[in-house]
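A single chain, nothing else alongside it, follows as structure tokens in the form predicted alone.
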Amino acid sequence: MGYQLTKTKAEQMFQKLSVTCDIFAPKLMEGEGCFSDTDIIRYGKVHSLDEIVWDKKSDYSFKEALLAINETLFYFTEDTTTVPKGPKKDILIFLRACDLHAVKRLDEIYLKNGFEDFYYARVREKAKFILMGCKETCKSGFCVSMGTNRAENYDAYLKVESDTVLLDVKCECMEQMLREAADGEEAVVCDVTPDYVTENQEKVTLPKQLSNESFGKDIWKEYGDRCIGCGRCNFVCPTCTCFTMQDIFYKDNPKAGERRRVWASCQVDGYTDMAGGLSFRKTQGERMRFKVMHKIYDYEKRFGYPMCVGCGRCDDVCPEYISYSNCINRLAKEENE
């Protein structure tokens, strides 16, 4: 159901919700960019609508609100293990349509891929998603090509227009949360339709005839010669799901510690190293090939649709100006030659 509120009233409701929920949204973090004296738009807890960056795509995705960059799985001593408690509060995440499609990809990997990830599941069941509209396309995104420019499975949609807030609520529990936050005051009921882009500057043609022969193309060596293996493309990607494990032993008691899982990158040297000196993807070209083919070929063969949602963040962040979208277009073009 759609509602129209004054921004003042919406802000009051937001303040009340922030007491009972952890609210994550893209916010400007001044001076915290990768380079000195640069800012970054990244997800963090917010306590006001004015903290949210509405007019620019975030540099990093919502993913770290569901899947911590560094998460303790359990604490151990010589003879005991203790699993830390999960989140107590509900979680509200503001995100755009392409990112909401990425949630579906994360759910496939962590909940429906033959087993359920306990740690992801307990955070996921607390999470509700509030859609942010896109009035204009971002520069590098190609969500229209990937069919992720629209999303219907949001719990609520929220749009701020000057002193007015438009809200479309689909989830009954979200309705209840908002009624409680409204403190008995009725909002104006109206039709609210989310803003979606219908055309991007960047357009991508997905290759439809990829095969095992595609893994041997010269294009991978070309891109591999340029890639420096920094892994930044993986960390900004809303659908990359790999992690590694670390056992931390405390200095004051080396027989106690904790096991953590930490985001990992398939582009970083050593990612595929195994005991016995084995390593499956030794060159950057092989790693680039794995990443691209996993996003548009391997995942689709398993789940029926591409893993990539076309957010374009990997193109934005690459220090070597390697364009993932251009790579896909080249693969499609080579199919037709």
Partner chain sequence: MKNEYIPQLSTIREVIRHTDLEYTFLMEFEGDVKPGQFFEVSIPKYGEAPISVSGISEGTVDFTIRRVGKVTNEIFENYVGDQFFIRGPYGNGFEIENYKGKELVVIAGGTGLSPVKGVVDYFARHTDEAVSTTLIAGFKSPKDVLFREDFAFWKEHISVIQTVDAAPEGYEGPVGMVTKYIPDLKFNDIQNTAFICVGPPIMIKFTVMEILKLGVPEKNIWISHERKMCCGLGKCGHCKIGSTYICLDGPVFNYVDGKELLD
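Positions refer to the first chain, counted from 1. This is a predicted model, so every value here is computed, not measured.
One more form of this protein should be noted, the form predicted in complex with the partner chain, which is absent from this view; the next part is about it.
Participant: Is there a heavy atom of residue 304 lying 4.5 Å or less from a heavy atom of the partner chain in the predicted complex?
Facilitator: No, no contact at 4.5 Å.
Participant: Residue-level question: is residue 109 within 4.5 Å of the partner chain in the predicted complex, judged on heavy atoms?
Facilitator: Contact with the partner chain, yes.
Participant: So in the predicted complex, is the partner chain close enough to residue 254 to count as touching (4.5 Å, heavy atoms)?
Facilitator: The answer is yes: residue 254 has a heavy atom within 4.5 Å of the partner chain.
Participant: With the cut-off set at 4.5 Å between non-hydrogen atoms, does residue 272 touch the partner chain in the predicted complex?
Facilitator: Taking the distances in the predicted complex, the answer for residue 272 is yes, it comes within 4.5 Å of the partner chain.
Participant: For the chain seen here without its partner, which of 31 to 39, 280 to 288, 48 to 56, 308 to 316 has a heavy atom within 4.5 Å of the partner chain in the predicted complex?
Facilitator: Among the listed stretches, the partner-contacting one is 280 to 288.
Participant: Considering non-hydrogen atoms and a 4.5 Å limit, which listed residue (121, 190, 171, 228) is close to the partner chain in the predicted complex?
Facilitator: Flagged contact: 121.
Participant: Which residue among 176, 153, 201, 81 has a heavy atom within 4.5 angstroms of the partner chain in the predicted complex?
Facilitator: Residue within 4.5 Å of the partner: 81.
Participant: Heavy atoms within 4.5 Å of the partner chain in the predicted complex is the criterion; list the residues of 236 to 269 that meet it.
Facilitator: Read in sequence order, the residues that approach the partner chain (within 4.5 Å, in the predicted complex) are 241, 242, 243, 244, 245, 247, 249, 254, 259, 261, 264.
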